[in-house]
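Take a look at this single chain, the form predicted on its own, given in structure tokens.
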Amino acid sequence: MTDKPTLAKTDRIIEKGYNFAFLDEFTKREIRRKILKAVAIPGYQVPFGSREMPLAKGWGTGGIQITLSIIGDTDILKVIDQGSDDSVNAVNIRNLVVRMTGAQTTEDTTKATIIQTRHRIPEEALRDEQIVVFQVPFPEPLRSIEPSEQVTRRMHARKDYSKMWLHLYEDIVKHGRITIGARYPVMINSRYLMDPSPIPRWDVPRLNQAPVLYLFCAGREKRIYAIAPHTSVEPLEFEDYAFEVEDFSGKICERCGSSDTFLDEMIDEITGSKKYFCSDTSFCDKRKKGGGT
């Protein structure tokens, strides 16, 4: 468009001619109402009228709709992609929100009021006044074992998750252990089976009884669901095959020396040797400077 941008009260540029936060007020009200229902029934997938966004599908159109619906003038936004603040996905989403709202942004987890994330939970402890918004590609945890939407809806209504338990059992018989990595199925308040988005198993325990509000949204599938603060979240497991997180024993981050964070494996192009780095770049930077916890 040809109109020049104007300055907000925060001296940040907001695109002139657009509604605050891009979405119209009716759409934002609808999404906020669906969020309230999702919070009231943790783990339940609430359908909503997903809108077209100026982002390619797969770039988090659901998560950005939630972020734009709840963000206000005083909010501080952090956007991460696989733990990184500087990926193409994170940078472009952050730029869109800033241009549409004038909101302040940060890479410091402790300063953010809204954290939009693609497949990671920040390593630093989260507070009860923070909201974490997840980009979700596949909200239905039963999709891998049941292709019919009608059947999966009925299974959730009846709390019939026998097919998922059978799937885990067959995995153990075939491989000797449960091989599911990301998207590990969890039970919410002993009632709804939920897909926690493709977060690694490392992050799953942090969902349980967390003080923070977790919001999940799949734009393409048109589903919103949530984990309210202090909600019971239990990964599916057998008594003799307990849930386990990724094992990084004997491995440390090459930048900050961390041995108690989720590490990304990389191959040195010169030597061919494996090196490990913290997935959470902000936390890694803090610890390298001596300010991490």
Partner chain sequence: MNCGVGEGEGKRTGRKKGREMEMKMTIGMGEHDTGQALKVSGLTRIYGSSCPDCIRMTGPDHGTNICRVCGSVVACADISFDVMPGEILGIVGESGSGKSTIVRCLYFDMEPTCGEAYLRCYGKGNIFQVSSQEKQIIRNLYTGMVYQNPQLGLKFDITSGGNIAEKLLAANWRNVGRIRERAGELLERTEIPLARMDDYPRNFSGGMQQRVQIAKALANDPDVLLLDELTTGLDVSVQARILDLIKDIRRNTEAAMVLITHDLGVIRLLAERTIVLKNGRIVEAGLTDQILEDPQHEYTQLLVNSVL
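Numbering follows the first chain given and starts at 1. Predicted, not measured: the structure shown is a model, and the values here were computed from it.
The next section is about a form of this same protein that is not shown, the form predicted in complex with its partner chain.
- Between its partner chain and the residues Ile172, Ile180, Val98, Val91, the one pair within 4.5 Å by heavy atoms in the model of the complex involves Ile172.
- Only one of Arg153, Lys159, Lys111, Arg127 lies close to its partner chain in the model of the complex, with a heavy atom inside 4.5 Å, and it is Lys159.
- Not one of Ile252, Phe283 and Lys286 comes within 4.5 Å of its partner chain in the model of the complex, counting any heavy atom.
- Remark: Tyr44 does not count among the residues lining its partner chain in the model of the complex, judged by a heavy atom distance of 4.5 Å or less.
- At a distance threshold of 4.5 angstroms between non-hydrogen atoms, Phe26 is out of contact with its partner chain in the model of the complex.
- Residue contact check for Tyr241: one or more of its heavy atoms lie within 4.5 Å of its partner chain in the model of the complex.
- The shortest heavy atom separation between Arg220 and its partner chain in the model of the complex exceeds 4.5 Å.
- From the list 161 to 169, 78 to 86, 119 to 127, 195 to 203, the contact stretch for its partner chain in the model of the complex under a 4.5 Å heavy atom rule is 161 to 169.
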